[in-house]
Structure formats: structure tokens, C-alpha cells
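Below sits a lone chain in C-alpha cells, taken as the form predicted on its own.
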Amino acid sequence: MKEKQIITGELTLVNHQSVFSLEGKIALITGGGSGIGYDIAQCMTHAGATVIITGRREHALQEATETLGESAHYVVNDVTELNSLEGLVETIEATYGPIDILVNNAGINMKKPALEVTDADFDRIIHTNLNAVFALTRACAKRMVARQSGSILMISSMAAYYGIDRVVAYAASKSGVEGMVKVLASEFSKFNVRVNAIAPGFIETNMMKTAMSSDPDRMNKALNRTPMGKFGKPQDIGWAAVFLASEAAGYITGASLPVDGGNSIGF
């Protein structure tokens, strides 16, 4: 369908579908073989993007790309191996073209009382959720900055918004991500590279269902402070990612978007 454009004074209106489209864009999504990462990949392919998903489990990645369709590809990679990330980006860009969108989705959690968290526990969470995120972002951003175009998305958490017991290392890592978003947005914006975060609330992934089923008090507490009175679906995060990566969000950078049914402001 031909794009319709209307110019009125200084206001330019484009076809409402094209402004949300990711047609012709290439998106790299870490941890895209399952969970929220998979749903982000699915929503982005529906919006027209070519997606490259990464992760450690080739079987899961292969199954995911078969389901996602011909616009999806995978590369086996462990984001915690920091010295591999520059080569990962080089390989993807040489094979598929310039990366327009980076989604730093891969991450791990650990539920343990703070006094029982060891230094090794803490380091493992920080390394995966913060160090690896920065290293991959740096590898992609240097190319985006040179091209003066790009969108970088981080996955934050309610744990960065308020105190949740037994997730001290995870909360520290996601709070670090929130700070990183603001600094990188301030540095990269002049190069037309936007950096934003999505902060999921309680989303019905298999991992969350398992965790909540073993802790009914926690589940009831989460629901009771969520004004919408229900848990979110993974595609709720996927469509938010499409929006933030699209031209519809062209003047949004340095933001953290809660997709949480109001949980972050609930009482």
C-alpha cells in the first residue's frame, strides 16, 4: 500500500501503519529462543523486521526460528563470553546487514535472602545482566553511531522500581541498566541513536508461573498491587518493544516504560 503523506504547515502526517512498521529493519534479540525474548521476536517479525535471535541452546533457537518463519535467523552465542561479542556483531552484519535494533533481553535471576548471597552469586548476576549488556551494546552502538541511526532497547524490571525481597543481585543489575539507559541516551542522541528500557511487570512466562506456583503469598501480593488485577502476557512486552523501536517513538530516548498493568504505581 502506497504511503499517504499529508503536509499541513509544519506538521507532517504519514500513514498510521507505516510509522509503526519495522519493514526493512534488522533486529538482534538476545535470549530470543524462549520466554519474553521469543515474543519480542515474534512481534517484530509481524511488524516487518528481520530478526536474529541468539542464545546458548541451539535446539531452542532452531525451533524458534522455524516457528517465527523465514524472516528469522539464529546465531548460537553466550553473552557472558564478553570477548565473543564484537565478533558476533561483525558476523551478523556481514551476513544479514547493518543492525538497526538491539534488544538486550538475555538475563538471569536468583531468589535468595540477601544474607545468603555469596560474592560468586552476586558477580554471576551482575556479569550476565549488566556487564554483558554493556559490552554488546558498545559493539552495536559504535556501528550505529557511525551510521547515525539505531534503536537500543534494554529490559529492566519492577525490581529496579521498588524493593522486592530476596532478589538483591538482580535488583542491583536492573538498577544499573536503568542508569546505563540514561547515560547512553545522553551520549548517543546527537547521533540519532535512541536508548530506552522496558520494565516488565509480572508477565505470564513459564518461568514466572513456576516461581509463583511455589510461592502463593508472593503471587497474591503481586496481583493485589496491580490495578488491572491480572498478570501480563509476553506479547504485551513484544508490542511495546515494536513501538519503542519504530518511528512512532522517534522522539523518545532515555525512557523506561513500565508494562505492568499499573503495578509500579499500585498501592
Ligand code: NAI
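Residue numbers run from 1 along the displayed sequence. Bear in mind the structure is a predicted one, so any value in this text is a computation, not a measurement.
Absent from the display: the form predicted in complex with the named molecule. The rest refers to it.
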item: Which of 238-246, 53-61, 66-74, 221-229 sits within 4.5 Å of the named molecule in the predicted complex, heavy atom basis; value: 53-61
item: Residue (of 86, 93, 178, 78) lying close to the named molecule in the predicted complex, criterion heavy atoms within 4.5 Å; value: 78
item: Contact residue in the predicted complex, from 102, 106, 195, 144 (heavy atom within 4.5 Å of the named molecule); value: 106
item: Contact test in the predicted complex: residue 128 vs the named molecule, heavy atoms, 4.5 Å; value: yes
item: Touches the named molecule in the predicted complex: residue 36 (any heavy atom, 4.5 Å); value: yes
item: Proximity of residue 214 to the named molecule in the predicted complex, heavy atoms at 4.5 Å; value: no
item: The named molecule contact at residue 205 in the predicted complex, heavy atom, 4.5 Å; value: yes
item: All of 155, 170 and 200 within 4.5 Å of the named molecule in the predicted complex, heavy atom check; value: yes
